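One chain comes next, on its own, written as structure tokens: the form predicted alone.
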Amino acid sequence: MWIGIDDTDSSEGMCTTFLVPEIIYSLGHDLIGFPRLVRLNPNIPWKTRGNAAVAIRIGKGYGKSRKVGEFRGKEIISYEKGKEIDDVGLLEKVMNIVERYAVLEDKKTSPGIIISKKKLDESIYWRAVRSVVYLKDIKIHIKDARYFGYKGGRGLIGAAAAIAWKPREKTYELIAYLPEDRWLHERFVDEDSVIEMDKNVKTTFENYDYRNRHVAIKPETRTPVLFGIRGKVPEDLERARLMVRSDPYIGYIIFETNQGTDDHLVRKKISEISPYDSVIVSGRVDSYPRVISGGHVIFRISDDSGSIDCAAYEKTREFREIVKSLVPGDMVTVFGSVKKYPGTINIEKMRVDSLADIYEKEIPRCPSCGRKMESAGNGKGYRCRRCGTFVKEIKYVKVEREIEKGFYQVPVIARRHLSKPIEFFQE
């Protein structure tokens, strides 16, 4: 039996992922496979924060089993396979748990719950992670399921997508949760222990931003989450967890996720780009990068179908210096998202495919006395102030570029959940 849930958090607090261990703990059914944390289109304007939905499969477990967490003093065991269970009263039980924790008073939230005996069509996920999906289109796919939506039920879209996800690539995240009386308080995660963990558990990623001294596993908002460690090997996440010194927590669970997969990106020509798209676009740099109000850096690229501005926003910090090194004639591939306004590509990472040659005039030395010569006027050559020697020929030398071909990405502090780290491309 599949349970999908979305949109129970708010811009100020709560986290939909917390409902997963609470439901497993409260219902008492076996967990089949890993619980799912599925990020959806990051450009949707009515999202709360990270636009994440969750799903679990429950049943009567059999076959291989493994520990995937602990919660309120009980181990969370996942089974490889499961037999179907009766769903009588299941929706109502899940609704009771959701209503206990969901931030229903937030104007932006619109929670949705789906109970489905079968896996939903994979196309739902791909539409939800790459485009704008409407509730009327989802209801066609869940007509045989039991479901309930609050305040319009827009969360049914994410709930369906989380169930429908069929991973082509996946990563994992171990999330540790605070006791409820600590959700709105400052939380402690020891910075030195995170650095030590990051250096020793190599299959984890995006734990710490060394240049900006930012602990990335600790959320910025007041939520149930104490920390979340991402990685490619679930067993290594257990080892990583034990290395992190922090406030006490009531439990943790390991999710399989689509984070770090670039599932949201689609290769497109510039003329094909629409608002809310996340794209991969190759083109020629057409303008020198310029700094605008707020510290954002903008440049324009073109292909054979059109042109578009690309932006490295202030929050991307040192990445902007890379962008400033571009010149007209460079060939680049940009990976990023497009909001309705201002319609630019918000760069997540960039590949420099080729560099234009830049030449500058060489100031010669006097052939008679060896002193550096001076310009005799625009296009008139050079003369030596000491001995009067005149050289008419103007020579140009190739300038060494500050930037090289290859991948560049925004720092960890500005990275999106779905964005694949460039290190993954190099494996």
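One rule holds for the numbers: they count along the sequence shown, beginning at 1. Predicted model, so just to flag it, every value in this text is computed and none were measured.
The form predicted in complex with a small molecule is left out here; the points below concern that form.
Engineer: I'd like to know if Ile217 sits close to the small molecule in the predicted bound form, meaning any non-hydrogen atom pair within 4.5 angstroms.
Structural biologist: No, no contact at 4.5 Å.
Engineer: In the predicted bound form, is there a heavy atom of the small molecule that lies within 4.5 Å of any heavy atom of Val133, even though the partner is absent here?
Structural biologist: Output for Val133 is yes: heavy atoms within 4.5 Å of the small molecule.
Engineer: Does any part of Pro224 reach within 4.5 Å of the small molecule in the predicted bound form? Heavy atoms only, please.
Structural biologist: No.
Engineer: Contact with the small molecule in the predicted bound form for Ile175, defined as at least one heavy atom pair within 4.5 Å: yes or no?
Structural biologist: The answer is no: Ile175 has no heavy atom within 4.5 Å of the small molecule.
Engineer: Of these, 56 to 64, 393 to 401, 34 to 42, 354 to 362, which stretch puts a heavy atom within 4.5 angstroms of the small molecule in the predicted bound form?
Structural biologist: Of the options, only 34 to 42 has residues within 4.5 Å of the partner.
Engineer: Give a yes or no on whether every one of Glu22, Arg100 and Lys151 sits within 4.5 angstroms of the small molecule in the predicted bound form by heavy atom.
Structural biologist: Answer is no for this spot.
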